[in-house]
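Two forms of the same protein chain are encoded below as structure tokens; each is given separately, as structure 1 and structure 2.
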Structure 1
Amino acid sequence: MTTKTVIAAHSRLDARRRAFLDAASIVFLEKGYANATLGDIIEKSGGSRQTLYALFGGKQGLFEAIIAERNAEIFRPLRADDLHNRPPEDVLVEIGTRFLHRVLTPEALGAFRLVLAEGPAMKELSERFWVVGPGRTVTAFAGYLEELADRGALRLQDASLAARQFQGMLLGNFQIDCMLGVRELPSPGEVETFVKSAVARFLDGCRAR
């Protein structure tokens, strides 16, 4: 078996894989895990049942694969190289805005809801989700706040606590309201206003006395 064979084989399998993942992503997000049927997914993907089982082992395997992928996409690190020597206000506003724009999309909210719904039944799934998701971002915030505190730009007793408060403030009711479907997604303008206000209040709160 030559290298060429392997590559060709891989690219063919990978194309099928992609088709399944894309189809499953749509169907699961639309109907939820339990109400999504493999028939729906197979039809939409253009593939066959047999191949699905060969690639993912079954419904749950497919589900976990799409959650992992969505997750990597949604929570991939926020680039912040361009913000190096800017004042904390600017940095937090900028990062906060990017964060919210990432999280407040139909796909991200849908993925979150799926994990919440199936969480009790798939424990390690929610753990993996948390580690690369909310856990990672809050750690990143905490790191930056710690740095500010070390430089004396802020007074903090507990950077991790502050980071959790900050992240909560940002997500605030946006996430809940949007997941519940009681409001549409905020416009970029609304996000910006909200973040600026939150950052100002937060930083002033950290500087008082």
Structure 2
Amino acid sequence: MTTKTVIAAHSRLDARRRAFLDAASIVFLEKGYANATLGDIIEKSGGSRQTLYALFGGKQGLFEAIIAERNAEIFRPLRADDLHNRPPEDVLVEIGTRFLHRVLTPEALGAFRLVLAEGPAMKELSERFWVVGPGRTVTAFAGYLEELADRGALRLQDASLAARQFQGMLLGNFQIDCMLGVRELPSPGEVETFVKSAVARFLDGCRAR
């Protein structure tokens, strides 16, 4: 098998994976997780059951992949050098702004509504959503904050707790208000202003004296 053939095969597989994820996102939001079937997703994606199982293992694997992919977009653009060489307020504002933009999309809000509605009856769904979504974000935030503490830039007793508090500050009331439909999605300018204020307050509370 030539290199060109291998590249073409990978490209086709990536396209099928993307089609499955896009189709699953639509079906989950339209029908709910419990009522969505693999047949629905396969029909909308145009793929095969065999390929779906090979790529994701089933419905839960699809849901986890969707949430994990959205979460990864928050931190992917930052390299290790960016974290070490830039002022913490700049890094946190960039990450925080990207975080809010991701969690406040109609798709992300819909996924959160889905978990809230079906999670009590499907504990495993809620647990996996937490692990690959909010929990992974908290872990990433905590890792960066712990690095700052190790360098003497912040005073922290519990990096994980600080990360949860910072994430809560970023969300403010935006997520719940948008989910309830009592306000429109915030504009990019509104998000940036809010995040800068949240970062300033957070750092003022734990910056090393």
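From a predicted model like this one, the values you see are computed outputs, not experimental measurements. FYI, numbering is relative to structure 1, first residue = 1. Rigid core here is just the name for the largest C-alpha set that superposes within 1.5 Å across the two forms.
As summarised for this chain, the first structure is the form predicted together with a further copy of the same chain, and the second is not. After superposing the rigid core, the Cα of E184 is displaced by less than 2 Å between structure 1 and structure 2.
Relative to the superposed rigid core, the position of the CA of A19 differs between structure 1 and structure 2 by 2 Å or more. Summarising the core-aligned comparison between structure 1 and structure 2, the C-alpha atom of S45 is found to shift 8.0 Å. Core superposition places the Cα of L29 2.7 Å apart between structure 1 and structure 2.
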